[in-house]
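There is one chain below, alone, in structure tokens, taken in the form predicted on its own.
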Amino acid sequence: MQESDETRTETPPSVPVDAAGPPGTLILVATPIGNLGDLSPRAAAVLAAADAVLAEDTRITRKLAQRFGLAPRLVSLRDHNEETMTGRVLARLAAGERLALVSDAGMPLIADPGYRLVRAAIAAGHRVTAVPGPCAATTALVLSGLPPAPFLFLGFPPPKAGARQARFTELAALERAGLSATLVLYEAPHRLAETLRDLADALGEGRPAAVARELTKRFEEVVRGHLGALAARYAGSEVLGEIVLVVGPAEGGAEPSEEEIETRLRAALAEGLSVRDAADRVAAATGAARRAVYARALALKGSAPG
């Protein structure tokens, strides 16, 4: 958060009687992704008027509320307790309570808890509405300089390298089958470099992309380039802050060049993969005929020194 946010207390909102909606309403409330000035007056009014606020981390939400002179009743609702809490929340809605749902930052449910609760509330016939506002995914998308529509939000990729590489290989196969959309995903800062490398290996070194960091905060940064160059830029460097990756769409099923196939094979063999495994990876990522890729891998392996 910005330094000025550390000491500023906002004026408490005037709270309309119906700010939190009719009895038995669940309200999804967007909260700032960094800059406290992005909390809308309507969002503050709903947090003040709700019978309780369901929060991903009550400490973070309490700190936000205090900055605006609010003191809502907070109830913890996280990934780990959402299933057990859903029944209790539905009972409170059935009793006529007005409940707000927030995540630590941004719009609830977007790579955050709440989906199971919202589904259950809808199924039970309760009114569900939202106070829209900040979202890191769409903010990064519009700042990236890449096509804004269509876009595909992927959330967080798998943290383990093998599962992440498999996911990106599947994505490359979907693109060869016709998928063409700007990709948006979140990543932890300590995995940024390896994820960029995995994306470059699966989707191509030259794919345009952007790394958005610390959005709306003092040290906001959007670095634009190609996946290969971005992977090299962040390799071995320490990165701090919240990260959003945006990757431009596939160009529409172009056949991979011999140079691209050879580059990918050399990288795979350098990792220590066998000829067979390297060929399988590159054929899956590029859509090239496996037999031809395998033959090229054999030739490369045979020409390698030592």
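One-based numbering along the sequence shown. Since the structure is predicted, the reported quantities are computational estimates derived from the model, not experimental observations.
What comes next is about the form predicted in complex with a small molecule, which does not appear here.
Trainee: Under a 4.5 angstroms heavy atom criterion, identify the one residue in V222, V89, L146, A136 near the small molecule in the model of the complex.
Mentor: Result of the distance check: A136.
Trainee: If you check E97, E175, E187, E205 against the small molecule in the model of the complex, which one has a heavy atom within 4.5 Å?
Mentor: Result of the distance check: E187.
Trainee: At the 4.5 Å heavy atom threshold, is I243 in contact with the small molecule in the model of the complex?
Mentor: Yes.
Trainee: Give a yes/no on whether I110 approaches the small molecule to within 4.5 Å in the model of the complex, heavy atoms considered.
Mentor: I110: yes, in contact with the small molecule in the model of the complex.
Trainee: Tell me, yes or no, whether L230 is in contact with the small molecule in the model of the complex, where a contact means a heavy atom of each within 4.5 Å.
Mentor: No, L230 stays farther than 4.5 Å from the small molecule in the model of the complex.
Trainee: Using 4.5 Å between non-hydrogen atoms, is D198 touching the small molecule in the model of the complex?
Mentor: Because no heavy atom of D198 falls inside 4.5 Å of the small molecule in the model of the complex, the answer is no.
Trainee: Looking at 167 to 175, 117 to 125, 136 to 144, 70 to 78, which lies within 4.5 angstroms of the small molecule in the model of the complex, counting heavy atoms?
Mentor: Contact-bearing stretch, as computed: 136 to 144.
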